[in-house]
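Take a look at this one chain, the form predicted alone, written out in structure tokens.
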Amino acid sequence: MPAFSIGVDLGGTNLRIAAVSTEGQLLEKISVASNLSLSPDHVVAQMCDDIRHLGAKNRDSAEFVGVGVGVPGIVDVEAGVMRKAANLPGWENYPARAQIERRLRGCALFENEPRVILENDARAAGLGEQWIGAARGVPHLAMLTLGTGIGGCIILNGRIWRGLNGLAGEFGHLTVEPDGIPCGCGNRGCSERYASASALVRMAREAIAGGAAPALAQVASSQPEFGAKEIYQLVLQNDEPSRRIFCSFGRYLGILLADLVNILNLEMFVIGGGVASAWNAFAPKMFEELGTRSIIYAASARQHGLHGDERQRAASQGKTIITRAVLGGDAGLYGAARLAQITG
């Protein structure tokens, strides 16, 4: 009998839930507003209603194996607790797994105790890309998710590597500019202050304040939610200040990647998250900086822009691959579902 699991991706804007087969087929997906003005218990109640709904629709034709939940912030996987979640007010030290299991207990979907796995959303996305995305068939890789901040994931032998206390992969807090801009973590010059969506907006507003970016100033004054997407649109219109901003972004991302390649020496590094859609604007400078700063990357016949089987062949030949994610916003859903399938 075929089997399926349910993956959950809880974000600051949307709550998305999907039933996914063990072969990677998306059976059905639900997306609703997160409604974070309500308490965590209210959001979890909505989540569990949707889990029961998807489970009931698919359990007659496939065996149900569990639920995986991807959440932003610092997660204590073993305890099932969200320790810190900057984009989810009121969720600090929230026992999410226990609350989900309590609401699902007694549901016909679960014969015994509910099986729920809680994980950081960037790690879930990395696992999704390793399962059926850009890194399919590659056992050792790292993924960077470029959004408001920078998320990270390290996968070794097809499994998420969490480190000593579950915090491995905090790529957003590696230093790329000594004595640089202060970061909320307490450090200065962290990569997410220079190579994230919020970094792009900061650089754009600095250019506007300097009076040398009229197109950016016009868009920023007319767009209430001025962000990375609007800056990229100006790059496509050949706006030079916007192009320079993305070049700076690419340079700092290249510095970060050079450190990761030198330290980890993995087959593949996958770049995902919302800012990855502007790949053409930052990738040339990123690869230029990477080639200059990483002796390992320079020595491994630098490979990028490969597809499908080409990536696997390059990895098997000892070549470092830097590539863009392919699953988009669904990477975390697939990864969360996969967690429930492989976690024993």
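In this text, residue numbers run from 1 along the sequence as written. These numbers were taken from a predicted model, which means no experiment stands behind them.
From this point on, the text means the form predicted in complex with another copy of the chain, which you will not see here.
Checked against another copy of the chain in the predicted bound form, the candidates Thr175, Gln99, Ser248, Ser198 yield a single residue with a heavy atom inside 4.5 Å, and that residue is Thr175. Only one of the listed residues (Gln46, Ser277, Ser34, Ser300) places a non-hydrogen atom within 4.5 angstroms of another copy of the chain in the predicted bound form, and that residue is Ser300. With respect to another copy of the chain in the predicted bound form, the three residues Ala168, Asp259 and Lys319 uniformly fall within 4.5 angstroms at the level of their nearest heavy atom.
By the criterion of a heavy atom within 4.5 Å, Asp179 is counted among the residues contacting another copy of the chain in the predicted bound form. Within 4.5 Å of any heavy atom of another copy of the chain in the predicted bound form lies no heavy atom of Gln223. The shortest heavy atom separation between Phe110 and another copy of the chain in the predicted bound form exceeds 4.5 Å. For Arg293, a non-hydrogen atom is located within 4.5 Å of another copy of the chain in the predicted bound form, even though that partner is not displayed. The partner is not drawn, yet in the predicted bound form one stretch among 187 to 195, 86 to 94, 236 to 244, 124 to 132 has residues with heavy atoms inside 4.5 Å of another copy of the chain: 187 to 195. Residues from 261 to 281 that approach another copy of the chain in the predicted bound form with a non-hydrogen atom closer than or equal to 4.5 Å are Asn262, Ile263, Leu264, Asn265, Leu266, Glu267, in the order they occur in the chain.
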